[in-house]
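Take a look at this single chain, the form predicted alone, given in structure tokens.
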């Protein structure tokens, strides 16, 4: 199903003709949730929650999703659906040439994030495959050190990129949507099944207590509030044009408000339930001291060691866990490559197949740097995965709130239920007056962290 792309005032390019649309509402929703759900959700959210006051952090996080995450997502959805264009063309059409650099920032973020994310995803594929064939290693630390970089990492990185390219090049309905309709229900069932199993572990109660203890003193802790705000848009895949690009394949009558709430809730539930798996396992085997804030340390050293100690049951559970991680990785990667591919199609008129292959190969080649050096991987993650996302989120909130040529209230009201239309003024108030200062604070910390990352990288080199 195709729909013509409209010509709007301020557009200095000819119409793009026709654009493929999502085949079903759930195809879009599951693809968008898949973009948001990734390795960070499966561990980072749980750890930050546990360290930030447990249930208290969850309350702050939910508030931040409502105040920051959903309004920011609506910004991306509104721009994408209105223009039926990828980030560069969409911002040019609705803002003029002066906003094109923000579109390029989105594309650069997708390119760079996928370049190292595919290396980490390759690790998940390797662990799942090893669990099936050999079981988990008895010395997980040494094992991970041997496969995290070098020839093995390169091989699985390239395999993962080939799989991602193969799905994106097929198209929206036959590629990304079909994959989401299969992979995301699989992910949900695996995580839910693992959470039910984790309830039976001897240390489950202690794990739940650590994860969810209500430390109300943390409710007004500035660090906790900042972490919750950052997590609200990091975990929802915002600030890099992924939701904008996916929304460009939506029909005009889609209720963006309902979709934003649905996607945010589903993303939160996957992250929350993942914590109900991880912490019972950690406490059942007394691994509290072995787990740090490092996603790498928890996912690829501590947990594989735990699964190995559990014997046959642990091996089966570990396989399911790493399969879930791999599924989350591939669905996130699809959105990252789609941002870049769609932009090349719109800007240069490439065929989808050629654009996906060309950009996928370039990303894979650049990713070799991260595959041979964990220091490079960490640096690119700090710059693109943190700094670029925050810059993108700040720029988009300012654009939609103050400079967008089409009234954002009109765009959000199109297709919305009457009850949701009444909250649109409140959403736009948040976009104009709350999001910019809050994200600016997060940006200051991101700049500091990126500066420190550069210093550490060159000092080490």
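Numbering follows the first chain given and starts at 1. The structure presented is a predicted model; accordingly, all values stated were derived computationally and were not measured. Between two forms, the rigid core is the largest collection of C-alphas that superpose within 1.5 Å.
The same protein also exists as the form predicted together with a small molecule; that form is not shown, yet it is the one meant from here on.
Asker: At 4.5 Å between heavy atoms, only one of the stretches 421-429, 399-407, 51-59, 37-45 reaches the small molecule in the predicted bound form; which one is it?
Answerer: Single hit among the candidates: 37-45.
Asker: Does the 4.5 Å heavy atom contact test between residue 248 and the small molecule in the predicted bound form come out positive?
Answerer: No.
Asker: How about residue 299: is it within 4.5 Å of the small molecule in the predicted bound form, going by heavy atoms?
Answerer: No.
Asker: Given that the partner is absent here, does residue 237 sit within 4.5 Å of the small molecule in the predicted bound form, heavy atoms only?
Answerer: Flag for residue 237 set to yes.
Asker: At the 4.5 Å heavy atom threshold, is residue 117 in contact with the small molecule in the predicted bound form?
Answerer: Output for residue 117 is yes: heavy atoms within 4.5 Å of the small molecule.
Asker: Among 343, 335, 164, 82, which has at least one heavy atom within 4.5 Å of the small molecule in the predicted bound form?
Answerer: Of the candidates 343, 335, 164, 82, 335 is the one lying within 4.5 Å of the small molecule in the predicted bound form.
Asker: If the cut-off is 4.5 angstroms on heavy atoms, which of these, 242, 107, 380, 176, is the one near the small molecule in the predicted bound form?
Answerer: Contact residue from the list: 242.
Asker: Core superposed first: is there a CA shift of 2 Å or greater at residue 28 between the shown form and the other one?
Answerer: Where the cores coincide, residue 28 shows only a C-alpha shift between the shown form and the other one that is less than 2 Å.
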